[in-house]
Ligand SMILES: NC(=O)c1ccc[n+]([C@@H]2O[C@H](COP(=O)([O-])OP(=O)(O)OC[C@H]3O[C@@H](n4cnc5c(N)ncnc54)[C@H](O)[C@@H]3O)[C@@H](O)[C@H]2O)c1
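Below you'll find only one chain, the form predicted alone, shown as structure tokens.
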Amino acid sequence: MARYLVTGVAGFIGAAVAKALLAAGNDVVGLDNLTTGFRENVPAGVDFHEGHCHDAAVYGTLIPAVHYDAIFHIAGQSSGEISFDDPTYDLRTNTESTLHLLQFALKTGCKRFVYASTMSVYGVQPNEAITEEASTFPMSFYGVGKLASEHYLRLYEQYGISSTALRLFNVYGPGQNMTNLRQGMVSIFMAMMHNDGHVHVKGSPNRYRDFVYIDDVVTAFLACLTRPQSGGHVINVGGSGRMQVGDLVDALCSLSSKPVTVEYSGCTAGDIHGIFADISAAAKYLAYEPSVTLREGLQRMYQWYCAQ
């Protein structure tokens, strides 16, 4: 039986990863400050600790100084738009937290570190599938902090900590926070459609993204444990390929039994026109292949949401 530390365990992705680790018969210790996550999201069986990942005291008092087979650092403020509200907090939760965890890994002898990075590190890119070798010029404080964390992972490789940074594209699916209308394109539009019968899209319908279902994201995280060759790499995790925002909205509206109006107006700070992933590195290092189509994923998510 292996023991894993999962940060952000009360959040969307962290809870899903922890649940999968438990289902495989492992011990899971979880850390979350419950700022955006919910205590009821923490899977049964997790040894849960409440605290901030950027608080150095957490590691001396709340988490037992025992051996962990890997650390999954998933916690953090995860909205480009929100990062403009308080850049200092964004830096602490997304970058300082990573440094504390890397130091904790070094202290406790943990040699494997898996990090939830983001496609936001790329910034403005040409209209083509983006590889991990593309330039990085983030347009939000959130993207800057995530990119800095990737560099800290690279530096700690020299101390024997093998790390993988998964650059997640637009993750969606059951379990997502449907009350936060500033984080998660699919969840925002779906909540508006279901609750108000009206979807307000900030920006052009011609923008494009790459949407990846939560089950495929969990598969990528767990593959980092079984594919040691993934260590020392940053890896894109995408799903749908190039999908225009207008087409996403149309697909969502088709799920509703009631009429839905759509408005395109305004813009979002730090937003880019479009980006989608080349996932050949994920296939090479993680044997990763998305298994859930966008239409199927949206149907599953909407059924889950309506049942809440």
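Counting begins at 1, following the sequence as shown. Please read all numbers here as calculations on a predicted model, not as lab measurements.
As for the form predicted in complex with this ligand, it is not shown, yet the points below apply to it.
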Exercise. Give a yes or no for T219: in the predicted bound form, does one of its heavy atoms lie within 4.5 Å of a heavy atom belonging to this ligand?
Key: no
Self-check item: 4.5 Å heavy atom contact, S117 and this ligand in the predicted bound form
Solution: yes
Quiz item: Applying a 4.5 Å heavy atom distance criterion, does F12 contact this ligand in the predicted bound form?
Solution: yes
Practice problem: May I ask you to check whether C53 falls inside a 4.5 Å heavy atom distance of this ligand in the predicted bound form? | Solution: yes
Quiz item: Which of these residues, S78, S140, S163, N236, gets a heavy atom within 4.5 Å of this ligand in the predicted bound form?
Solution: S78
Quiz prompt | Partner-contacting position among C253, L34, V262, L62 - heavy atom within 4.5 Å of this ligand in the predicted bound form | solution = L34
Quiz item: Hey, of 103-111, 142-150, 194-202, 222-230, which bit sits against this ligand in the predicted bound form at 4.5 Å between non-hydrogen atoms?
Solution: 142-150
Exercise. Quick one: name the residues from 147-183 with any non-hydrogen atom within 4.5 angstroms of this ligand in the predicted bound form.
Key: L168, F169, N170, V171, Q183
